[in-house]
Structure formats: C-alpha cells, structure tokens
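The data below hold one chain only, encoded as structure tokens and taken in the form predicted alone.
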Amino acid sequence: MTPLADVVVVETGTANVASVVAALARLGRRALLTRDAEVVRTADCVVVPGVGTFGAAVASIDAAKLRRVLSERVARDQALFGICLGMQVFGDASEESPGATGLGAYRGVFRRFPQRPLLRVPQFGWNRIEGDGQGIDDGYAYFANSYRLEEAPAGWSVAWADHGGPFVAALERGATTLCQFHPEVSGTYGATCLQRWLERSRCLSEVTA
C-alpha cells in the first residue's frame, strides 16, 4: 500500500533522522519513517539519510531486505535522495569498512581524506560546492565526513568540493540526487536543494490539516 505521506524516510539505524524530518516539514512536506521494504518500493519519493559507518549502514539495509529495493529505485529512475552516508552506500565500497559491499548504483570507492598537517579529518563545517551547470547549483553546505569519492562516475551530473583535494560533493541523474553534504542543516542552500528535488520528482502536494 502506498503510504499516506509525501516522502518516505528510510530508517537505516545509523542516522539521526529528526533533522531530515524537520527540514521536510519546513518545506511543507510530511515524512513517514520506515524500514518496510514494500513501503519503500511503492513510495513516490524516498530519502536515505545516514550518519555512522559504511559497514553498519549496509548491514542495516541488508537486514531490512532493502538492498534490491533501493538499487531498483535508482535503476528505474524512481525519486530518491541520499544524504551523506546515504550517498556513500550507493557506491561500490569504502575504505572505512573493508569487505562491506555497497549497492553499486554507481562505480566508485570512498577513500579517507589524506593525512596532512592542518587538514582536519573528519571534515566538519561549511564548504564551497561548485556544480557542473547540469545538476546541483553552486553554494555553501555543511559537511561531516572522513571519506570521499575522488572520481566522477560515468553518466552522472557532478558537483565538487575541495578538502585536501577535490572530491565529489553531489551526484544527480534523473530523479536521483545523492549529496555528501547535509542539506537538512545547510540553511537556505540546503532547503533549495531539497525543494528542487521535490519539484523535479513531482512530490508537490502540500501538508493539509
């Protein structure tokens, strides 16, 4: 049954989803938290948040039997928005969790920021984003990450940031948007990114009493 909510937010067990739900509410959207694979499969729009480790997030997805469901949403161009770790799990793997396999929606392995004097790892704070003119706009967003994707996967629009070297800040293709940054705590810029995805994904209904 299609849930009576504007946006389904996947409970991976590795994320504090309260800020995501609040960000959607500020945009006039209701959110339904779920780990139910059938609800995620049939939802109009899905958000995959993430804070924690790559291995734990992938294990949680597998435990809920969501691996195939989430992979198929991307393949079928069903609306999906991934945030931070919720972006990383759609890649192939991460140095953070050797042996853990991502969903493989795009090719790429996440690697730790280099150990350099004065380079803070994890990266906590605001960073400049530069889009390619095809997807995510330029702006400033809040990041909290130790691992990054260095090369752009084929077939995706890419936005970049720099912390000890350039890395992928966001990927976009069709109705899928994946952000390494946290739009839910990135002020007006983050709200604009979410609203743009909602509009492109046709999740346009207003919350009613």
Partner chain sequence: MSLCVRIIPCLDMKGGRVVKGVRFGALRDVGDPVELAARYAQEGADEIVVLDVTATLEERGHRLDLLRRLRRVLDVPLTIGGGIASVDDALQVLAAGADKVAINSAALATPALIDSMAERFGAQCTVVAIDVSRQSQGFAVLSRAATCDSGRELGAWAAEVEARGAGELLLTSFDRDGTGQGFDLEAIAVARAHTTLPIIASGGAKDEGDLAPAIAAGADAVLAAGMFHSGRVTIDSARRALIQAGLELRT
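Positions refer to the first chain, counted from 1. A quick note: this is a predicted structure, and the numbers were derived from the prediction, not measured.
The following text describes the form predicted in complex with its partner chain, which does not appear among the structures shown.
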query	finding
Contact segment among 58-66, 34-42, 177-185, 150-158, judged by heavy atoms lying within 4.5 Å of its partner chain in the predicted complex	177-185
4.5 Å heavy atom contact, G125 to its partner chain in the predicted complex	yes
Its partner chain contact at H163 in the predicted complex, heavy atom, 4.5 Å	yes
4.5 Å heavy atom contact, R120 and its partner chain in the predicted complex	yes
Contact flag, G52 vs its partner chain in the predicted complex, heavy atom cut 4.5 Å	yes
Residues in 126-150 with any heavy atom within 4.5 Å of its partner chain in the predicted complex	W126, N127, R128, E130, Y140, Y142, A144, N145, S146
